[in-house]
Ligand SMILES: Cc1cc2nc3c(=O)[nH]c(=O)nc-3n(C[C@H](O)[C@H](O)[C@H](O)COP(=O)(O)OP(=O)(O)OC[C@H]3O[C@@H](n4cnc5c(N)ncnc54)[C@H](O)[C@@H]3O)c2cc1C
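In the form predicted alone, a lone chain appears below as structure tokens.
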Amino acid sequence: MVILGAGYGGLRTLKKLQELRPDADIVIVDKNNYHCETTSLHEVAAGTAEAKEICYPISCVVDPQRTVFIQDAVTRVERECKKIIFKKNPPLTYDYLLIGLGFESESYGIQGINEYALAISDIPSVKRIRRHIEKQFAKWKEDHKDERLTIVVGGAGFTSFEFLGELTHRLPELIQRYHILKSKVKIICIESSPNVLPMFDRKLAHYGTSRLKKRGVRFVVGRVNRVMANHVYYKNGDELRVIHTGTFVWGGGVRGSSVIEASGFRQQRGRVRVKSDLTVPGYPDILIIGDCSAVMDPKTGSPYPTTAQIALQQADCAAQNLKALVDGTPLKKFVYKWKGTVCSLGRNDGMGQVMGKNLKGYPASFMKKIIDNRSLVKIGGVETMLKKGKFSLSR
């Protein structure tokens, strides 16, 4: 059996399979030799954390007695002949396949997004954002072009809020380093709807917005229309407006891996609507979890949001179902149990809903650290959590 992707879902599935010990050879594939805690990518982008702090080697999870790791990029899956096509290695045949390839930034066809926007999607992308912001501040010292000190974020969703929270804490250091007046620096967030963070209670969403506003973030209502080298155009109604900026970070949405579309799956935005047991309709030998899967919420009739939380729960179910496929026993139905959501707003601040209770400020921040550490334990184990966990309890 083959696992594609060593994200939250793929690596957790591997760990469970190694415990379940199915009568099968296991192969896991990823383009990197490390696992990245993608829920912390915004910290590296803002410069409040180093990349090495949110990554650990895949080898920490792989049991070499049971699993083979292949480092390569997947280009497509040929379902009919049950082969995986790689960028470098020869094709690999599978009996059972789990796809957990993660997400990519979604441009929605907006002109200039792919060419001029910076997206929070992986380690190289967030390193690029950090370097870009620092370079803009340094260049301002030479030419004093004010747009270099204007940072625009497109979209006011979960990732954008977390990035803005970290960025507003990082700015004082940059201002001091480059000897810039605080009033010169502008941070603007463009959102098509006045109702930001729809997944949260309105009081919590207002708390998050007000906290960022107090730190200097300006929210404008509009839909990003076009992005150019030093301009962002957005529409408010029929009126087209422009912001001159040296940095545009796009947080307007994500999609599943492009490998899904390249492989000919019936999909929407890189996501396949899987059956209740996480298998692909018509292909009982293929399971898809995480960002590439669409699991329907029976209450709303819409897909559940793709989060690390659901990926981890899917992984446990997927591991049991993969073993069931090998053993020839019935597969179990995946049932999602929502345990809450917490959004970081930077150092010791946040907001969230956990166990039916609204949290904000330091208690939410504390809970976010617990959630992140729990994720490390579930995948990398206690030793990895002790090395990479978040333990600062100070306010």
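Fair warning: this is a prediction, and the values are worked out from it, not measured in the lab. Numbering starts at 1 and runs along the sequence shown.
FYI, the form predicted together with the named molecule isn't displayed, but the following is about it.
Residue in contact with the named molecule in the predicted complex (any heavy atom within 4.5 Å), chosen from N348, Q353, T48, N32: N32. In summary, among the residues S263, T306, Q320, Q136, the only one with a non-hydrogen atom within 4.5 Å of the named molecule in the predicted complex is T306. Proximity to the named molecule in the predicted complex holds for all of T38, D72 and K368, with the criterion being a heavy atom within 4.5 Å. Although the partner is absent here, V342 sits close enough that one of its heavy atoms falls within 4.5 Å of the named molecule in the predicted complex.
Using a 4.5 angstroms threshold between heavy atoms, A156 stays clear of the named molecule in the predicted complex. Contact check for A311: a non-hydrogen atom falls within 4.5 Å of the named molecule in the predicted complex.
The named molecule in the predicted complex comes within 4.5 Å of a heavy atom belonging to L101. The stretch from 191 to 199, 236 to 244, 102 to 110, 144 to 152 that comes within 4.5 Å of the named molecule in the predicted complex, counting heavy atoms only, is 102 to 110. Along 104 to 130, a non-hydrogen atom within 4.5 Å of the named molecule in the predicted complex is carried only by I120.
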